[in-house]
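Only one chain comes next, encoded as structure tokens, the form predicted on its own.
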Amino acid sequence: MGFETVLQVLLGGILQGGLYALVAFGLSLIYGVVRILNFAHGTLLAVAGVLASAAFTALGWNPLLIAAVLCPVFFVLAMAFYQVLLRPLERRNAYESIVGTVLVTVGALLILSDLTASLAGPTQRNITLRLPSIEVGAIVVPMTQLVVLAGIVVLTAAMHVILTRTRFGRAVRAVTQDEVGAAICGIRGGRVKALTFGFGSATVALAAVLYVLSYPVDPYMGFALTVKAFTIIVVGGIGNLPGALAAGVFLGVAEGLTALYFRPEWAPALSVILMLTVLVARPKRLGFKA
């Protein structure tokens, strides 16, 4: 097996891992602030990807325009979902709250997947841009991949600035560290949680546009993406964007090399194995107790 093939797989793994990390950013933010593991999080990417592909095919919209439309729509719908279905569960006891959030988010996963499949069909969709490729010897790098990589870098940097340099970011960090202390300082925890849930879901819509430029999507691929995203935040740490990006790239490269040297169907199991390994070795990684 030639060096060019391995390098091609590594580049593809970095791209895929970066997209995994973008999905994980939103889930990490929601889990860190709202303390809800949204099982429908990956399904949002699948739905947004199908919508993006449909808008590109039927209307001929530029992917940037599609992202600009999907982002606020998902933000508003996610906030409404949290306020109507999830926030009332916070008044329940711990057991009822956990079970309730699992049932609500899993139910949303099933409903969104089936509704999208019934309206748009269960077939895979993507967005194909006719861009040239860069050839370096036997290595071929499509310009689309470079555009997606640039988008990943820009979104990661933008999220870092938002979370570290803005009033919203400071409020998010305050609620995450001490909700009672934040309330004493005048920060409304419920409002911050709703905004965080909307913001985390909106980032998935942006990630979906980049994802569908490189890989096909279908309505039923969401849960697997959620598992990968949860693995990334377990390994990289909650709210740690550089750590999540590194963990995502590691997972993407590992999947690519596994498919290259072993069998492609073994690659998806890596995320589960990696997550279980980290949780067994470091059971307090996400606040779990041994």
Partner chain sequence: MLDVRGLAVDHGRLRALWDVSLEVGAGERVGLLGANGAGKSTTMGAIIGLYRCAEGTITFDGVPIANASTARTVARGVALVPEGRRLFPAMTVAENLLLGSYGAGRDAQGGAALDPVYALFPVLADKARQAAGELSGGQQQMVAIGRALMSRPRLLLLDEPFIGVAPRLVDEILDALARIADDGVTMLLVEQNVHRALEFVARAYVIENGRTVLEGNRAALLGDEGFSRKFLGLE
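Positions refer to the first chain, counted from 1. All values derive from a computational prediction rather than experimental measurement.
Below: the form predicted together with its partner chain, not depicted.
When you look in the predicted bound form, the only residue of R188, R87, H160, R92 with a non-hydrogen atom within 4.5 Å of its partner chain is R188. Checking M79, L112, A174, L149 for any heavy atom within 4.5 Å of its partner chain in the predicted bound form turns up a single hit: A174. At the 4.5 Å threshold, heavy atoms of A183 reach its partner chain in the predicted bound form. A residue is said to contact a partner when one of its heavy atoms sits within 4.5 Å of a partner heavy atom; R167 meets this definition for its partner chain in the predicted bound form.
Look at 204-212, 175-183, 99-107, 117-125: in the predicted bound form, residues with non-hydrogen atoms within 4.5 angstroms of its partner chain sit in 175-183.
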